[in-house]
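Quick heads-up: it's one chain on its own, the form predicted alone, in structure tokens.
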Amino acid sequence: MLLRHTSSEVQQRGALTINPAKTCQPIGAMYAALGIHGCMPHSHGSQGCCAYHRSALTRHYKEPAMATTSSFTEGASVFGGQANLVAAINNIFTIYNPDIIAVHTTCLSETIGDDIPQIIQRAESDGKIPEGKLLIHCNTPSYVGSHVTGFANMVKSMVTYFSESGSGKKLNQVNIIPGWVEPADMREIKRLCGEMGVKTVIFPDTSGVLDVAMTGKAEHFPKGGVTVEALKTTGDSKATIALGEVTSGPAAKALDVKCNVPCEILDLPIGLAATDRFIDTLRKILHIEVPETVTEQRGRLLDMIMDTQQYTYKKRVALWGDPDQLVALAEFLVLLDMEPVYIVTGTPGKNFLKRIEKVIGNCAFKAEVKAGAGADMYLMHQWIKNEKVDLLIGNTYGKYISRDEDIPLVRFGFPIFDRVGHQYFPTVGYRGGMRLLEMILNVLLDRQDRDCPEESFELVM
């Protein structure tokens, strides 16, 4: 009904993307900036760009995403946006009084070629930045990369502007860069580290910012987010664990170069094996024992996998979304004896194909995998039309394929506009793995109940 014009004949498309499996860089930069306590993200471009980015985040997280804009007009488009940004900085500190402004660029300001560090220096020399207030920036042109790239650029800027190595000795703490995950996932990572007795600095941290409790009071800057003081100590930490090569790797490497903090780049701890690696890395870095409570959580996930294997065995799955999430998710599905046969990400990067190959390369099934240009939802639909799958896992944009092809959908990743709960319930760690497995099982068993003949309709599955 909705997408039945999709052709089943797959043709090479060099310059045309149809329904891309990504969105633009500034959305990621804005999300990362919201993970700093007392920070106001600022979009240096037109008002429409900022409105779209705020809308996307607000609809996904069901919380107001605060951000400001330079509000380019035709004049700024021709002569540059310096006057707009200097005026904006003055207005933001005067009206909203944030601790920090995080500036990110848009297509328009990047095309003009605005020199953001020079403009920040101009604002400082003109007295527009009050004493004790801070500014950071990153470049996020929308015509390259994706929202994942923008997130990584802003997180790297946190290291560039804030990380220091001034104490002369290492602190008994570990930096954790969680990647683009839900606030609930960041909260779960902190909980796991707390159970292990590990002191951490997690940045960015959107828990307590985009999953705030209803108190009846409106606050521009909620209590959550990593503080600037904590960010400054990251240069003296024992090590950095970067969860996700694309989103967290650049910042971890920059911190190693700047402050000589060794880094471990891991996959997102989605599922059993990836969480095992995360826990084991913490154990090795700090020379600690894994507590029994964490071991029990692992055992419950393992027990659930064993109890339900007959329902997941040989189920064919189509995945789309962000590279770091897809790699970890595909590994978890293979462990469940499922077959991720179609995998698409709009974020460019050749290393993604190597990472996926490492996860599924020795499997018996054949998988179609594509990243970057031409890797879109139209291609995914074409693959499915040629050979169907049992399950779809991805963001809200897959609901059209789900409806037209009558295939169940598990909503996962960003953005999810048409459901609630993803910002409150984690999918990382052992507990998150149990929730993700439950979501998969529920849709598969619902389909089994719906499609089976009456004589096979059982009370107990």
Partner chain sequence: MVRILDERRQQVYRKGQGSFNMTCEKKSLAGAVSQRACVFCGSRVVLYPIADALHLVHGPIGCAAYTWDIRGALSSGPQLHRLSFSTDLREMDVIQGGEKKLYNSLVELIDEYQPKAAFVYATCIVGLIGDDVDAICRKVSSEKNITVLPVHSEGFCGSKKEGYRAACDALYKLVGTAPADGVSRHSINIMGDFNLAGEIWLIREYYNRMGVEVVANITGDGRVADIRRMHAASLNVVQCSGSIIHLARKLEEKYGRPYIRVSYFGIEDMAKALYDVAEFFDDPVMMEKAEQIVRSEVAAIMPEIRRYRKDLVGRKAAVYVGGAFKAFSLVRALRLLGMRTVLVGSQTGNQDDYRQLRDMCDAGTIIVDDSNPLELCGFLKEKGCDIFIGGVKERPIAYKLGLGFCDHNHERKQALAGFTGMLNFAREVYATVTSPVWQFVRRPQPAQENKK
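Computed from a prediction, not measured in an experiment: that's the story for all the values here. Positions refer to the first chain, counted from 1.
Separately, the form predicted together with its partner chain exists; it is not shown, and the next lines address it.
- Judged by heavy atoms within 4.5 Å of its partner chain in the predicted complex, the contact stretch among the candidates 208-216, 237-245, 115-123, 185-193 is 208-216.
- A single residue from the set 100, 254, 290, 92 has any heavy atom within 4.5 angstroms of its partner chain in the predicted complex; that residue is 92.
- Of the heavy atoms in residue 309, none are within 4.5 Å of its partner chain in the predicted complex.
- Taking the partner from the other structure, its partner chain in the predicted complex has a heavy atom within 4.5 Å of a heavy atom of residue 108.
- When its partner chain is considered in the predicted complex, residue 321 lies well away from it, no heavy atom lying within 4.5 Å.
- Using a 4.5 angstroms threshold between heavy atoms, residue 431 stays clear of its partner chain in the predicted complex.
- Heavy atoms closer than or equal to 4.5 Å to its partner chain in the predicted complex belong, across 51-73, to the residues 51, 52, 53, 54, 55, 56, 58, 59, 63, 64, 66, 67, 68, 69, 70, 71, 72, 73, ordered by sequence position.
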